[in-house]
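One chain comes next, on its own, written out as structure tokens in the form predicted alone.
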């Protein structure tokens, strides 16, 4: 399967804190890769490295076969039109209504007409199960609605890949299920690949084509869920304890 990203021996420090310790990982076109791990294991740091929000201290990152490890900020602009980032809190602009939040990337990066932008905003909202809410502001939305609006903004540029940072944190089980189903829908209907950082097991089970387990800055497992359930790694096994799924 074709690779979108390849990480080779990636290290990242914050002062004396060695967060990533020699990460090797490939991210494949067409799949949902779930990265599982506890708080502080380096999951979100790794996502930020992929789009240049952070810079690796050592190692190589390849995008579409090209070394992007030390790109200048402007060098990431073309990548960010192909790769969307769904932040944990949604990162919607509080001072903008839903339409303005979704229209922002189109106005910034395209020469589309106002009529075409409105049509694309409505279409993106429809894809995530929200309609006629363009006039609402983020402060009036529920947590689940904010996640779906953020997802609509993430798909509005028709990306190849979405990076999800804890997409279901703080959501109730029903809303978690809705978000997980939408992630699968984006993959099936729009052919959008995903990297999903989480510690939520329902998201792992519903969304993962492959699972990577990050522990104390090291990638200690990469494989299928079935292989993960048979792993002897104690921390990974703990996530599957009491699991009676077939």
Partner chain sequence: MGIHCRYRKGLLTCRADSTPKYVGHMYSRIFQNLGQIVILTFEFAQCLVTRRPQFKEWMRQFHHIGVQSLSITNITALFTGMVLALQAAYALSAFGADVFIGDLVSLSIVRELGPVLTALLVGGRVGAGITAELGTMKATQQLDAMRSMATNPVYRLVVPRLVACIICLPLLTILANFIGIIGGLFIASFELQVDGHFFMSRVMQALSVNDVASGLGKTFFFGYFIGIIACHNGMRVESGAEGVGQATTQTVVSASIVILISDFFLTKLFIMIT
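Positions refer to the first chain, counted from 1. Keep in mind the model is a prediction, meaning the values are calculated, not measured.
The discussion below concerns the form predicted together with the partner chain, not included here.
K.L.:
Considering non-hydrogen atoms and a 4.5 Å limit, which listed residue (48, 177, 58, 184) is close to the partner chain in the predicted complex?
P.N.:
Looking at 48, 177, 58, 184 one by one, just 48 meets the 4.5 Å heavy-atom criterion.
K.L.:
Does at least one non-hydrogen atom of residue 132 fall within 4.5 angstroms of the partner chain in the predicted complex?
P.N.:
No.
K.L.:
How about residue 81: is it within 4.5 Å of the partner chain in the predicted complex, going by heavy atoms?
P.N.:
Residue 81: contacts the partner chain in the predicted complex.
K.L.:
With the partner left out here, check for me: in the predicted complex, does some heavy atom of residue 119 sit within 4.5 Å of the partner chain?
P.N.:
The answer is no: residue 119 has no heavy atom within 4.5 Å of the partner chain.
K.L.:
I'd like to check something about residue 92: if you look in the predicted complex, is any of its heavy atoms closer than or equal to 4.5 Å to a heavy atom of the partner chain?
P.N.:
Yes, contact at 4.5 Å.
K.L.:
Let me test this: is every residue among 201, 205 and 221 within 4.5 Å of the partner chain in the predicted complex, going by heavy atom positions?
P.N.:
Checked in the predicted complex: no contact with the partner chain for any of the three.
K.L.:
Of the listed stretches (92-100, 141-149, 121-129, 167-175), which one has a non-hydrogen atom within 4.5 Å of the partner chain in the predicted complex?
P.N.:
Heavy-atom contact with the partner occurs in 92-100.
K.L.:
Does any residue in 11-45 get within 4.5 Å of the partner chain in the predicted complex, counting heavy atoms only, and if so which ones?
P.N.:
Residue within 4.5 Å: 16 only.
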